[in-house]
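Have a look below at one chain only, the form predicted alone, in structure tokens format.
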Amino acid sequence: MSHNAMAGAATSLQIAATALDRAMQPWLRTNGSGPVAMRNVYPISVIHSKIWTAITIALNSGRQKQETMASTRTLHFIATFSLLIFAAAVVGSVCSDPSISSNIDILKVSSPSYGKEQDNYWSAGCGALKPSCILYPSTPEQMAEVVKVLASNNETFAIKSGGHNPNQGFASVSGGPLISTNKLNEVTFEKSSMTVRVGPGNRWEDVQKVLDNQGVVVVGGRIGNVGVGGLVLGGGMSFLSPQYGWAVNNVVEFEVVLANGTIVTASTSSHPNLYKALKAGGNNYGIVTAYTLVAHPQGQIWGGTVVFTADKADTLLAALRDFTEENPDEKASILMTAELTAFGAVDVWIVFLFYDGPTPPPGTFDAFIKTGPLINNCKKRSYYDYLSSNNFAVVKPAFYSLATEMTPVPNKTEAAEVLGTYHRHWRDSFEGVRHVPGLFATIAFIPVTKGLARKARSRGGDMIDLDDSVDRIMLEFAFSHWLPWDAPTMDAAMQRLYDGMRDLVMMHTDNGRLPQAYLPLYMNGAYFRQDYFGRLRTVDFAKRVRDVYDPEGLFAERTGGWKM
């Protein structure tokens, strides 16, 4: 290439660099000086705009100088674009910050293990988001180092426990660092205090595998593969909830890294407002590095699944209603689901039955078992065995979405009409997208009784703040499908499903078929478009605590989750 071509390229590089510098100055003036990774400063669309503006300036300059040779223009483009890519990769990212301890394992995109971690999500949509690196702090001090660097830059980031939340950007991230809690995996039982210290990097089956040998249990997930961190911060429904409340009602202490990098203990006696706000307040206040949970004595349990044909719907819905309102035994718990697959190839009901004891008293589950199941695998077993056996419900590696609603329990007279409309609306929603390849649809009916509400309040309450004026049923809806380009179709279908369900609940309330009731959403079942905090009567308290503990908005603005 000629000397003139090289000189022209150098000139264009200087012009592009100057244009880029000027474009960045407004941010630098308001956010501090020094080199900052451009991708961490702006949303990706703005970055693209600034890059291409700079390239256009460079190329236009070449035209003004009548640099018409194709080879010259090509060099201008390549050299300018290379400079901009380099500028986007300079220091400022937590992935390469020199202040980060060498003891913190960091996976870069080129690492063979990077893909393995990304495959470890319940939804392929989350795994498709590619973080700039994955960090594995193993102590609260290391987590604090990471948070301090994040506070000094402008990166979008995510924190991952078990990866079961299917909402993209909540425990997954594109282009920013992913903080895995995988190495925060402590499980320590303290017999004298009957507590268990649990790291957020565990899954519930990991926790219970340790505790089974100790004869104790903690209130946690109903499926062994679910991660500890997300479930607890979202409230945490458990088979043990009728006895002990939500999982979060059984937290004695949270160990938390705050937005300024300090490490605190939140409990009834230390940071009590933070302690309360963390109980179903999500990731708005800090990163929890350990939970101290109440340990409850635990022996053999009885449980399993019973499977029914679709024609048993009316009988099962009536049994659900009666169990929710009339069951007197808090050791008994159920989770009832209906399942449909593409083109209706599978159309069944699956009911999870649980009794906290080796044998349920006669009559406890008769309304279900006497309906005539196709399959009944209920038996005496360990609690760990039961949690692990429920992992069949995890559908990987499909694209997965989840939404929720809450309804009061209808009386016996109205039950068939009210619960029937919910079931039919779900089936109609499936019919609209049944052509989608790999489609799998589920609706779950989960009793949320007056007794659970009373247990939750007796254990200090939480942000969900249920009262015991009515029995409730939580509705959860799940779709999974195979192909990424069907995501917009399924997004629209999910919105129609949960909006329509909410409309039905309001219609039945307005016409007197349902009682007036406070109906919050359950965070762990909510779709990213649903307004979790908008349905809470504790939202003002949540905002006040957020403003105290995250005044600069690190967790409010820089990571996903439900925000206020």
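Predicted model, so just to flag it, every value in this text is computed and none were measured. Don't overthink the numbering: it's just position in the shown sequence, from 1.
A second form of this protein, the form predicted together with a small molecule, is not displayed here; the remarks below concern that form.
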| Among 316-324, 357-365, 300-308, 152-160, which stretch has residues whose heavy atoms lie within 4.5 Å of the small molecule in the predicted bound form? | 152-160
| query | in the predicted bound form, do 353, 444 and 479 all reach within 4.5 Å of the small molecule through at least one heavy atom apiece? | reply | no
| request: Sort through 134, 295, 223, 436 and report the residue having a heavy atom within 4.5 Å of the small molecule in the predicted bound form. | output: 223
| Only one of 233, 251, 94, 464 has a non-hydrogen atom within 4.5 angstroms of the small molecule in the predicted bound form; which is it? | 233
| task | Verify the contact flag for residue 245: yes if a non-hydrogen atom of it lies within 4.5 Å of a non-hydrogen atom of the small molecule in the predicted bound form, no if not. | result | no
| request: Flag residue 456 as yes or no: does it have a non-hydrogen atom within 4.5 angstroms of any non-hydrogen atom of the small molecule in the predicted bound form? | output: no
| Taking 4.5 angstroms as the cut-off for heavy atoms, does residue 283 touch the small molecule in the predicted bound form? | yes
| message | Under a 4.5 Å heavy atom criterion, is residue 394 part of the interface with the small molecule in the predicted bound form? | response | yes
